[in-house]
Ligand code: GLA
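A single chain, nothing else alongside it, follows as structure tokens in the form predicted alone.
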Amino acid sequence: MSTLYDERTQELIQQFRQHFDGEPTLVSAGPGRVNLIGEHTDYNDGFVLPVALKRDVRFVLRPRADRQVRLYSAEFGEEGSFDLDAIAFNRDKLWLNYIQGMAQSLEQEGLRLTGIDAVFSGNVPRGSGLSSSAALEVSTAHALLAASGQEGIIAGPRIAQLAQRAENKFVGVNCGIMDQFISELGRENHALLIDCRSLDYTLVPMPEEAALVIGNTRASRSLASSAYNERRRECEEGVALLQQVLPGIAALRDVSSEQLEANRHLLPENVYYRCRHVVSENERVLATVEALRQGDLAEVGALMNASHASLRDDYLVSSPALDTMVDAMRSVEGCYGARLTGAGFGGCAVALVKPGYEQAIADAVYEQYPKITSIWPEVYTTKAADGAQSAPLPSV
């Protein structure tokens, strides 16, 4: 029996019975993600190293004979529906647009889908930087493909691209490819090195003695979008100025630390520091992959700590809440290293820890963080998980 047939799925089955006559026949899941290292490198054609979480968005569903999609969101306590032949943006139920966008993206790929009745729910915290939207998109993809008998017909990387297209073009969020890629292609006990230019990817084993603790600051991320756009402009300005002496470069991914330092005089101070973060972060990602392969978790932790310092001091996307969270995590002996993860200004921090120390780190966060921020945090423990999947449910 699929590992998806657990207590959570059984609760969704009960809700399905309440909202739709009969039994669901399929279950799908798409996990959230945390980025171990490689922040703000994706839109600079660089490298990222995320892992999939043991938290997901999950559907239980039954195919229909027509093209109607009828849904119940257990989290929002809302029903929603649409016709696969008349997909249109819904301004009243924003969650519905992620599902509609995914359906449209699959149909644009030449796949004729069938309607479904479905109940879905997620335990990926929304608005925390753990990619609940990508989890919803890829879980939707597998639900619709399984319902129409087409599961396995599209390769994983293409599903990720179609999910990104749904979010970019239909929902209207200009996200990169990392979130959908790791949600689709993650594997248990592995991180995923993604080249954001070529979309080549490599599974990197996580040592057994590596656990992850994620601290959700629950702080406002109101500055994130405006700062994100500003940072992108500064990076593009840096590339344009460096191209005067390095005509072969197309993005900061192509610049080494030595080249950046040799040409620092060409750049305004703020642009230099933004470029220094991106260039050094790409180098840290590749060094982290090598350290993981060597089983050197102390080195991985040191690289994570250096990444946080760079994001705080050079890229200016940390915040007092994130710095406090990271300090609390690092105060425990069993923490190899910790850093903010995601766009910054709020959201989450991630710590690499020795197994057995997870609760001590959670206790330190709960003890230290609220005293300084007056915000009660959330703490999640995880190991690297499998990517999206679907499975038949047992007949009753």
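In this text, residue numbers run from 1 along the sequence as written. The term rigid core refers to the maximal set of C-alpha atoms that superpose within 1.5 Å between the two forms. Everything numeric here is computed off the predicted structure, so don't read it as measured data.
A second form of this protein, the form predicted in complex with the ligand, is not displayed here; the remarks below concern that form.
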Look up in the predicted complex whether Leu185 has a non-hydrogen atom within 4.5 angstroms of the ligand, and give yes or no.
no
Are any of the heavy atoms in Met178 no more than 4.5 Å from a heavy atom of the ligand in the predicted complex?
yes
My question is simply whether Ala360 lines the interface with the ligand in the predicted complex - judged by any non-hydrogen atom within 4.5 Å.
no
Asp42: touches the ligand in the predicted complex, heavy atom cutoff 4.5 angstroms
yes
Which one, Gly342, Gly46, Gly337, Pro50, lies within 4.5 Å of the ligand in the predicted complex by heavy atoms?
Gly342
Would you kindly say which of Tyr228, Phe82, Tyr273, Phe170 lies with a heavy atom within 4.5 Å of the ligand in the predicted complex?
Tyr228
Among the candidate stretches 350-358, 328-336, 366-374, 33-41, which one is within 4.5 Å of the ligand in the predicted complex when only heavy atoms are counted?
33-41
Is it true that Arg158 shifts between the shown form and the other one by 2 Å or more at the Cα, once the core is aligned?
no
Rigid core aligned, does the Cα position of Arg293 differ by 2 Å or more between the shown form and the other one?
no
